[in-house]
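Taking the form predicted alone, here's one chain by itself in C-alpha cells.
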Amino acid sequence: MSLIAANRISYTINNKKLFHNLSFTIDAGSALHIKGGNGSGKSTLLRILLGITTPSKGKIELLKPNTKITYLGHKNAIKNYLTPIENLKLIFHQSNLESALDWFQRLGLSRVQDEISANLSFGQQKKLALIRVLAAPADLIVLDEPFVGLDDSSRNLLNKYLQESISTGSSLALTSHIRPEIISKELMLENFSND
C-alpha cells in the first residue's frame, strides 16, 4: 500500500530549477533514500512531501488518511534556553514522556540532563532532537541528514530503530550522505542549480 504519491513535481526558486518532473511513491514498509549534491533540492523535496513547501508544478497525494508522520529537518528544533529534560517535557505528553526518557538514557544524555541545551555539543543536540522521532512511532518517518554529528554508537542505534520500524510497516524518507542499510529505493536529484 502506498502512503504518498508524488506526481510530476517540480520546484524552481529565484529562476533556478532545483528538480523537474519527479514522480514516485512511498510504500508502507519501504525506505526512500533521496540523494544529490549540495543545493540539488533534497531538503526542499522533503518539505514538499510534508506539505510545508508547495511545488512549482505537480502535486503530492496523501493516499492513506490520518497518516502519522514524524519529521526532523536540518535544524534540531530544540529550545536552547531549556535543559534537555525541559525540552522533552515541552515536546511530549505524559503518555510518551517515559519512552522519550528511555531514549534519553540510551543515547547517553543523562550526564547532561541539567545543562542548558545551548551548552551541549552539536552531537548531543542532534541526539536530543532525534528523540522526537525515536519516541513517537509513526506511519512515515521523514529525516533530513539524520546521521550528521552522531557517534558510531548512536548511528547504530538509529539504524536499528529504523530497521525495526520498517519491518513493522512504517515507511521512511530520508536524505543522507551516509547510505543506511535499510534502503528499498533511491531517488537521485540532478544538481540543476550548478548548471
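Numbering starts at 1 and follows the sequence shown. The structure displayed is predicted, hence computed values, not measured ones.
Another form exists, predicted in complex with another copy of the chain; not displayed. Remarks below refer to it.
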Report task. Report yes if any heavy atom of Asn38 sits within 4.5 Å of a heavy atom of another copy of the chain in the predicted complex; otherwise report no. Result -> yes
Requested in this report: Examine Arg155 and determine whether its closest non-hydrogen atom to another copy of the chain in the predicted complex is within 4.5 angstroms.
Outcome: yes
Query raised in the report: Does another copy of the chain get within 4.5 angstroms of any non-hydrogen atom of Leu150 in the predicted complex?
Result: yes
Query - Distance check, His177 to another copy of the chain in the predicted complex, heavy atom within 4.5 Å - result: yes
Requested in this report: Can you work out whether another copy of the chain is within 4.5 angstroms of a heavy atom in all three of Asn14, His74 and Ser121 in the predicted complex?
Outcome: yes
